[in-house]
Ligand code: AHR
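Presented as structure tokens, the chain that follows is alone, the form predicted alone.
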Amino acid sequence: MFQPSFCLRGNCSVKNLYLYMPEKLGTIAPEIYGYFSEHIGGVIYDGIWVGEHSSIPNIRGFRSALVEKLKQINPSVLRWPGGCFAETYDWRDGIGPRDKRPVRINWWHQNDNRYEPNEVGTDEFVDFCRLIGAQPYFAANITATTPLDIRDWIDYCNTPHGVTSYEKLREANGNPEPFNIKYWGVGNETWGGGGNMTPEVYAHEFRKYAVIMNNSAPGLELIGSGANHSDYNWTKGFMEEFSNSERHMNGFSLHYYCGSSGNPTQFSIDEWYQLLSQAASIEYCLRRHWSYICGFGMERCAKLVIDEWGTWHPDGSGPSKGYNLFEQQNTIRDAAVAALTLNIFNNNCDKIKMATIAQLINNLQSLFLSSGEHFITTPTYHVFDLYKGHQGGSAIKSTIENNEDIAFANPHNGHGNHIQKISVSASHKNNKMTVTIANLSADTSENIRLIPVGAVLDENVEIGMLNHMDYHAHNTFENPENVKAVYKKVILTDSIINVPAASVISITADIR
């Protein structure tokens, strides 16, 4: 409910939010608003892909409702085919007539006893990206293939019409024009399933693969396999070994998950804050990794690519009841994590090249859940809708006065902890200001006055709001719109907006 100038729950104080127009933090790369789509569980099959002959509405085999909903939030980039799936993926298995493609052991088959039919391969995935308007980001298998194998994949994807044998193979498969795949990950989680390497060994492997990949086609941007969470020694060790070499690198990945050991839909207030506190820690994490990158003079070629991030809860809470591996329900709490994280990314956009939430559909902190004819958006989807105005904008410094810390007891160890109540980011482009606010308090609303410094904002604004009386709320196939963002145009009295407890708000105003 929109009440821009009224108090809720007895809280009538007003906090000033200062928006410093002259203090530009950097440009928010649209690629920060990206997604991850791995061949795992129900992400590809029954999620993205239903097949051309399915009774489910589809566009060349892709779920029509998914295409429509994605286009509404301006998708920028989509990472594929993994993740860990990439460690054993041979791109040649996924081309040519589908009825002749081999069935292979999926990386995850020991978890869910599924095998890979290879119905969705390079040509299909590029088709899907074109349908939704996103750039593909390929993860290259350096664990089980050679640099020549990856060069051949690049040849198949990017060589112009009428030149090489692999280009002619692409043409025979229905695509005479090059795909021009720009983003390539040189391995995935090489500290773990991607080779179980040390950072020094991976630095040598990166150099070996990157020099061949870079020679294969012009304009490639190669992403190094960076650290897991707070493994700062990985970043330090890699940079120390790599910094004096030829720098065929255009980004350095970071994986950061936060999660709970409890029920994803039934949690205590302390568990609400504990998960948000974990999410907030990504800022310290990315800043510290960045300090090592800068310390070795690598900031120009190793901007951060957070290509796996989000919440990771215990299995079984999603609609498939555990059939789809790592599928989980998605509540207001997960939406708050997404809002907080994206605010942090916006405010650190000078350090971040790209980010892809894990994952797109039916897995981890997904934007969608589906099964057969059923298809719904999650609260996290609506956060991306609220925040899409930031893409390509100039991020500016924002400060909220008296932003109190909320104290809580960590349910894992009983120790006290705290988190700031309000999370904010702001940007402007095309004479419009976008401000996004997440009230992380579970039970207290806030009245916030916008005070632009160096500009004047029109009092007629558009406000989008995502909230619910119950912060456990989520969407189901039976109740698909229980949680959704609502948008209204309002006049802000005295520039004051009320932000309910456990809510996410976007404000869009013309700059006069």
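Computed from a predicted model, the values in this text were never measured in an experiment. Residue numbers here begin at 1 and follow the sequence given.
Although not depicted, the form predicted in complex with alpha-L-arabinofuranose is the subject of the following passage.
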Report task. Answer with yes or no whether A336 is in contact with alpha-L-arabinofuranose in the model of the complex, where contact means some heavy atom within 4.5 Å. Result -> no
Report task. Answer with yes or no whether F326 is in contact with alpha-L-arabinofuranose in the model of the complex, where contact means some heavy atom within 4.5 Å. Result -> yes
Report task. Please check if E38 has a heavy atom lying within 4.5 Å of any heavy atom of alpha-L-arabinofuranose in the model of the complex. Result -> yes
Query raised in the report: Is L364 close enough to touch alpha-L-arabinofuranose in the model of the complex, meaning at least one heavy atom pair within 4.5 Å?
Result: yes
Requested in this report: Find the only residue in K182, H255, K421, R247 having a heavy atom within 4.5 Å of alpha-L-arabinofuranose in the model of the complex.
Outcome: H255
Query raised in the report: Pick from Y166, W312, F267, Y292: which residue has any heavy atom within 4.5 angstroms of alpha-L-arabinofuranose in the model of the complex?
Result: W312
Requested in this report: Name the stretch, out of 167 to 175, 109 to 117, 356 to 364, 214 to 222, where some heavy atom lies within 4.5 Å of alpha-L-arabinofuranose in the model of the complex.
Outcome: 356 to 364
Requested in this report: For the stretch 163 to 194, return the residues whose heavy atoms include at least one within 4.5 Å of alpha-L-arabinofuranose in the model of the complex, in the order they occur.
Outcome: N188, E189
